[in-house]
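Single chain ahead, by itself, as structure tokens, in the form predicted alone.
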Amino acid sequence: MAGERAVGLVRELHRAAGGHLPPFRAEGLRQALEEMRALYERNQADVSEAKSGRTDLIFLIRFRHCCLLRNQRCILAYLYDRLLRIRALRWEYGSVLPNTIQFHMSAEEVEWFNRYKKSLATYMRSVGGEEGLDLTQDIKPPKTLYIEVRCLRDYGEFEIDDGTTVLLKKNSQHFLPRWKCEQLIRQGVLEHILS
């Protein structure tokens, strides 16, 4: 039946729940595109005959055209869903994907992943001041706004937004706003004490 190969690609993705990336089906995609080419060529021939007066072909032409559109939507859904899954993998695994995942990707998908990775890195460097802002660091929101930190070296006075100043001396412990401490943690002045 027309369109089964393209629908099969979408079904396979649907079965791979949880963001899992199944192997890229280049052969199935090629077969679906070949089917579309054959439908298009048959339609072109029948359109020429329909113009010459054979009106009985109009319904067949419309049916083939609907099959072409359905195949097109299925193929685009297949490719787009795979790109969404690959984009999510960047956030889950970081900039280097495990070989088992890369093995399931086409060469074009690997290239797209590398371009997305570079684009994200460029954006993260452009925001957040000199050091940039690592958007992949805290994907889930924090449970508390304040964290307990220990000073690893003498820093001096540290002012909080409410105007309070805290003296950061080596080995002293403080309960400070998370967002104010993140840069000092990255610089190695403070360390987060996990409770």
Partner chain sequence: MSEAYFPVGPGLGLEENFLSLDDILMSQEKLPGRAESTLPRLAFALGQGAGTGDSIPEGSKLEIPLWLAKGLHDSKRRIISVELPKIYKEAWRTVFSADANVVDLHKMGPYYYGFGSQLLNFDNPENPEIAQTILQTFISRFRRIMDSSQNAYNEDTSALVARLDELERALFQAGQKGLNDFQCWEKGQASQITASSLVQNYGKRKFTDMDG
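Rigid core here is just the name for the largest C-alpha set that superposes within 1.5 Å across the two forms. Numbering follows the first chain given and starts at 1. All values reported here derive from a predicted model rather than from experimental measurement.
As for the form predicted in complex with its partner chain, it is not shown, yet the points below apply to it.
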(Q) Can you work out whether Ala77 and its partner chain are in contact in the predicted complex, taking contact to mean some heavy atom pair no more than 4.5 Å apart? (A) yes
(Q) Please tell me whether any heavy atom belonging to Arg178 falls inside 4.5 Å of a heavy atom of its partner chain, as the geometry stands in the predicted complex. (A) yes
Q.
Is Arg150 part of the interface with its partner chain in the predicted complex - any heavy atom within 4.5 Å?
A. no
Q. According to a 4.5 angstroms non-hydrogen atom cut-off, is Glu92 in contact with its partner chain in the predicted complex?
A. yes
Q. Any chance Glu49, Phe59 and Asp81 all have a heavy atom within 4.5 Å of its partner chain in the predicted complex?
A. yes
Q) Where does its partner chain sit in the predicted complex: which of 127-135, 25-33, 142-150, 159-167, heavy atoms within 4.5 Å? A) 142-150
Q: Pull the contact list for 2-40: residues with a heavy atom within 4.5 Å of its partner chain in the predicted complex, in sequence order.
A: Ala2, Glu4, Val7, Val10, Arg11, Leu13, His14, Gly18, Gly19, His20, Leu21
(Q) Using the rigid core as the reference frame, would you say Ser126 shifts its C-alpha by 2 Å or more between this form and the one not shown? (A) no
Q: Return yes or no for Leu145: a CA shift of at least 2 Å between this form and the one not shown, with the rigid core superposed?
A: yes
Q.
Using the rigid core as the reference frame, would you say Glu182 shifts its C-alpha by 2 Å or more between this form and the one not shown?
A. yes
Q) With a C-alpha distance change of 3 Å or more, do Trp179 and Ala121 lie closer or farther in the predicted complex? A) closer
(Q) Taking the cut-off of 3 Å or more as given, in which direction does the distance between the C-alpha atoms of Gly94 and Ile147 change in the predicted complex, closer or farther? (A) closer
